[in-house]
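So this first bit is one chain, no partners, the form predicted alone, shown in structure tokens.
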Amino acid sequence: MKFPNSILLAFCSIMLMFNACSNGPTETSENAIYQCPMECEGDKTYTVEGSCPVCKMDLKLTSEETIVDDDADLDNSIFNLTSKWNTEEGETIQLTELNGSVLIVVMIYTTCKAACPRLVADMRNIREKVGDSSARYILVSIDPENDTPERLKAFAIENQMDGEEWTFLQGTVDDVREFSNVLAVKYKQISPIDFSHSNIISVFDENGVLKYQQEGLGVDNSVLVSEVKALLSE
């Protein structure tokens, strides 16, 4: 059957409109909720799920908070990882040595001038609100080649994070990548001294099981603090 040209043109126009709508996310200037985890496009955000047109990673909800299932299996404990880490005190430890403590964990690098200073401030703010000094605050470097134990120690002192409750960790490139995958933290090196990375603070119970995650910078951390206090009281 041969269709009139007018019908064929109309059909083609509809198909072109459909393809245009389906090729990536839709940008918005007001009610945006999705953003590239690598911040490839700066503060640019979208209203629908999709992938970043630059790095092709899935877009994520901004300021996303995730509560993890309370029945998480101990097989998922970070204490099962066999990697070895150097601390800011020059000691070598395994994560299992943190067993028995509630952990608040973030991944940073010391030469960061944008997101990391805000993450560090968020960690200090959480420490102040939690109050109980039995919780441990762990900062893992995503730049192990430059963040030596000596550099981490200096950074801890500079940022008033040199107490016993604070621990800075340097691992191998492979171990850092493995650990970031456990936390669902995405990062990539964009210059010899600069990284793009997710901004996630994670809470682990005394068995090393992930219980809560907060994503974003300078967001309301009242739920995270409540989760930490609840774990400390168990």
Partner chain sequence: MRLKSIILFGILLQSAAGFGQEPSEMKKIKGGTFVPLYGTDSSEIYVRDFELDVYPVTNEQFLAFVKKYPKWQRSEVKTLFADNNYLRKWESDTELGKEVVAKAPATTISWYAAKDYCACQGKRLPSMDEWEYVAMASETKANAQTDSIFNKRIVEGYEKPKTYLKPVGSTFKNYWGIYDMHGLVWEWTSDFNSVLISGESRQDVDTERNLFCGSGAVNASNLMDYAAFMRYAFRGSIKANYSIQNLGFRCAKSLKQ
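As the structure is a prediction and not an experimental result, all values here were calculated from the model. Positions refer to the first chain, counted from 1.
Omitted here: the form predicted together with its partner chain. The next part is about that form.
- Three-residue candidate spot Ile93, Thr148 and Glu164; no residue lies within 4.5 angstroms of its partner chain in the predicted bound form by any non-hydrogen atom.
- With its partner chain omitted here, the record of contacts in the predicted bound form names 110 to 118 of 110 to 118, 152 to 160, 85 to 93, 128 to 136, defined by a heavy atom within 4.5 Å.
- Asp194 belongs to the set of residues with a heavy atom inside 4.5 Å of its partner chain in the predicted bound form.
- With a 4.5 Å cutoff on heavy atoms, Cys55 does not count as touching its partner chain in the predicted bound form; it lies far away.
- Contact between Met123 and its partner chain in the predicted bound form is not found at the 4.5 Å heavy atom cutoff.
- At the 4.5 Å threshold, heavy atoms of Ser101 stay clear of its partner chain in the predicted bound form, well away from it.
- A heavy atom within 4.5 Å of its partner chain in the predicted bound form is found for one listed residue only; from Asn199, Gln35, Gln170, Ser202, this is Asn199.
- Contacts between 178 to 196 and its partner chain, taken as any heavy atom within 4.5 Å in the predicted bound form, involve Glu178, Ser180, Asn181, Val182, Ala184, Val185, Lys186, Tyr187, Lys188, Gln189, Ile190, Ser191, Asp194, Phe195, Ser196.
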